[in-house]
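So this first bit is one chain, no partners, the form predicted on its own, shown in structure tokens.
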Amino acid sequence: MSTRIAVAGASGYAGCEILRILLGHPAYAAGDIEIGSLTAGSSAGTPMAEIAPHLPELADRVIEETTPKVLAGHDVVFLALPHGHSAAIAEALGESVIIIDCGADFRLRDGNAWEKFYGSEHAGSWPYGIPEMPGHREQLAGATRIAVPGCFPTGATLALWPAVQAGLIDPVISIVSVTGVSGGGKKASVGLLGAETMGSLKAYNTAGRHRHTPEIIQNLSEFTSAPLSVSFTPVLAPLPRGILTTATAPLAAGVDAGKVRGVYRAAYANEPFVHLLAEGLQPQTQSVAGSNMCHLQAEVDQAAGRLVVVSAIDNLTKGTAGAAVQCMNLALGLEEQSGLSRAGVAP
């Protein structure tokens, strides 16, 4: 029997990206997975031909309402919903269904941090979906509940965990991430209009206010017992897709460029979706567009005594939908790379 998959929030950018990846999955081509119900909220009743003309294979499908009744009977359910909507659906569907939540609901282990940044009751935590973090691939294999990470924490965590784990830095970290507008979702928003974003850059949710800050701290805290300080600044740029993250921190005593390169090479030697660039090259968002890749550069600013790590990801792919499908592959026991491109689209 084929594995039946539903996508809740199928009208949004993340939901459509999940569907794009699933349509190219070898298990879909073989008939081993089947795309079942496609659901949303206000878009219910709208043809997919209108919502996602770039997905012609789904043109004759119609968006259904997101309810447990509609989602029941599927083997895998992707939830690409606003935060606060996943817990009730998960409870109604039962433990046998693999639920992969692309929202924030189950990412944080600290209930106080959740309530501070999200302003609602903490629903708990699920296995966390960055397989490249040591120990997480094992947690995700065969899991029936998975929390897909935030897009900013993905780029920041992949950039920094090797340095934190190896003690290359004093963990007083500054992170600046430049992001495309699709990270804000498909909802109508004046701040995301072309007239507001074209030809302009704008920092937002600064000085520790961004909701991804505690998630980044949580991830990096797995690799050190030392007090960890993270200053995170997101910057909105006139791009459809992509996140370019620059992370810096003071070097620990005795650390030089050779040691840094050695640590990063070893950390990612067997990771197909993380590429450490040759010295002298810098990550670019255009190089990872449409792919499940993270491109990295790790350098030493000797004069400043700081480590500088730059990462580039596609926020909709490795930052959300690609990570979700990567986690699905692990949960179902499929080859982890299945359906996920390592090649970007350039220019």
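Note that residue numbering follows the sequence shown and begins at 1. Nothing here was measured: the structure is a model prediction, and the numbers come from that model.
FYI, the form predicted in complex with another copy of the chain isn't displayed, but the following is about it.
No residue in the set 4, 68 and 121 has a non-hydrogen atom no more than 4.5 Å from another copy of the chain in the predicted bound form. This chain appears without its partner; in the predicted bound form, the one residue of 203, 88, 226, 253 with a heavy atom within 4.5 Å of another copy of the chain is 203. Although the partner is absent here, residue 316 is a contact residue: one of its heavy atoms lies within 4.5 angstroms of another copy of the chain in the predicted bound form.
Another copy of the chain is not drawn, but in the predicted bound form it has no heavy atom within 4.5 Å of residue 104.
In the predicted bound form, residue 246 approaches another copy of the chain with a heavy atom inside 4.5 Å. At least one heavy atom of residue 304 is located within 4.5 Å of another copy of the chain in the predicted bound form. Stretch 204-212 is the contacting one of 204-212, 135-143, 158-166, 72-80, since its residues have non-hydrogen atoms within 4.5 Å of another copy of the chain in the predicted bound form. Residues 342, 343, 344, 345, 346, 347 are the members of 326-347 with a non-hydrogen atom no more than 4.5 angstroms from another copy of the chain in the predicted bound form.
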